[in-house]
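In the block that follows, a single chain appears as structure tokens, in the form predicted on its own.
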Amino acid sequence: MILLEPHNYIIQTTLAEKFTKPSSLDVQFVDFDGVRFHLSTPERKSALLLSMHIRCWDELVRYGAQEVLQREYGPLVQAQPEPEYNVSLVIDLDTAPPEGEERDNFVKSIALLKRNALAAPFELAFTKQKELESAGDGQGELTAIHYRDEEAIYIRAAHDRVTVIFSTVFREETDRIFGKVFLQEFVDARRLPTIQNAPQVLYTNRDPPLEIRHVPGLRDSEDIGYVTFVLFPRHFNNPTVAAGTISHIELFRDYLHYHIKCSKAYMQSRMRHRVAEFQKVLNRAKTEAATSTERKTVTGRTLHTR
């Protein structure tokens, strides 16, 4: 299956182009999760302003998003963001790293702005798990990130694990069916010896998991599904592994619905192809209209042939 990239492709390609040839710019675009971006040059061609609006910004700030962005981008973060946006970065092309691998890494880090903002609650949960592990028992506070309308990510640390729960809305009956098939594949694939160290995946429809049943306002309808990931210390025991885990799990909801749409498109294309083949068979089965001709014999008699 195709894995979605954690960085924003538009930001990456636009910045790479502007490093080569600076010019005026004013473009707005939206990411998979409804996150809005604005990339512009309000003052001069060599100073790019990148702004982002994410609906769960207040919750992310509560869990340390400002500190994470300050750590990742330092002086690029503006004290006062652009109006109607939550955070703004200023990229000065004149003082950027030289061309090569260093510049490529810099551009990609800017393209990871949304990923880094969403990483804050996960990093907080990983840190809390280590504290609880040292204490030998206990559970951390339940973290809720309402990153979409009617959907949220719930994170809770315990002394031996970190539980991540996605609530997702399946708008159509076929989406629920495809979702169950995909999630069953996650469960079955984990039985393979090569990937038994992967996180445990659980799926429930309509009924929320025990960890969040006390949360007020949860919807009770057939179009709601809950996907639970159980992360153990081996999934975040060092910074590199933890960063990869965060990047992949953040994109799970987009990954699931993206492949549901791809599967539906593939099946529809196969059905159209099959209908076209049946039409060819039916066309070949049609009999040609019979035509009669008259012929004269030597004696003058008339013969009708078909």
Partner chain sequence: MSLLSPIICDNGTGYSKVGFAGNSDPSFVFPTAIATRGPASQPSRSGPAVPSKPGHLASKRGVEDLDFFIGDEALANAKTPGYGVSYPIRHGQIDNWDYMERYWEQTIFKYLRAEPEDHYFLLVRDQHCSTGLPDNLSVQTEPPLNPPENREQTAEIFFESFNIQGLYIAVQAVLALAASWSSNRVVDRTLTGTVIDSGDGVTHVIPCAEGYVIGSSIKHIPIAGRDLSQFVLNLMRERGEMVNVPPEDQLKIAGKVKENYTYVCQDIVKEFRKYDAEPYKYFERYDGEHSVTGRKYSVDVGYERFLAPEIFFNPEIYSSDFLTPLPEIVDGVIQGSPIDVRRGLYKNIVLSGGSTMFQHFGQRLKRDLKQIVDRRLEASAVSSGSVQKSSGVDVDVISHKRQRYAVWFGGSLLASLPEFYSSCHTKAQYDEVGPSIVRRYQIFGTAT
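Numbering follows the first chain given and starts at 1. Everything quoted here is computed from the prediction, not taken from an experiment.
Another form, the form predicted together with its partner chain, is not on view; read the next lines as being about it.
**Q** Would all three of Val227, Phe229 and Val241 be in contact with its partner chain in the predicted bound form, where contact means some heavy atom lies within 4.5 Å?
**A** Answer is no for this spot.
**Q** Please tell me which of Arg148, Arg161, His235, Lys108 lies within 4.5 Å of its partner chain in the predicted bound form, judged by heavy atoms.
**A** It is Arg148 that has a heavy atom within 4.5 Å of the partner.
**Q** Just one of 128-136, 165-173, 97-105, 201-209 has residues with a heavy atom within 4.5 Å of its partner chain in the predicted bound form, so point it out.
**A** Careful reading of the contacts points to 165-173.
**Q** Looking at the partner-bound form in the predicted bound form, is Gly34 within 4.5 Å of its partner chain by any heavy atom?
**A** Yes, Gly34 sits close enough to its partner chain in the predicted bound form that at least one of its heavy atoms falls within 4.5 Å.
**Q** In the predicted bound form, does Asp188 come within 4.5 Å of its partner chain, counting heavy atoms only?
**A** So Asp188 counts as contacting its partner chain.
**Q** In the predicted bound form, does Cys262 come within 4.5 Å of its partner chain, counting heavy atoms only?
**A** Yes.
**Q** Is Leu251 close to its partner chain in the predicted bound form, meaning a heavy atom pair under 4.5 Å apart or at it?
**A** Although its partner chain is absent here, Leu251 would touch it in the predicted bound form, with heavy atoms inside 4.5 Å.
**Q** Within 4.5 Å of its partner chain in the predicted bound form, counting any non-hydrogen atom, which residues from 262-279 show up?
**A** Residues within 4.5 Å: Cys262, Ser263, Lys264, Ala265, Tyr266, Gln268, Ser269, Arg270, Arg272, His273.
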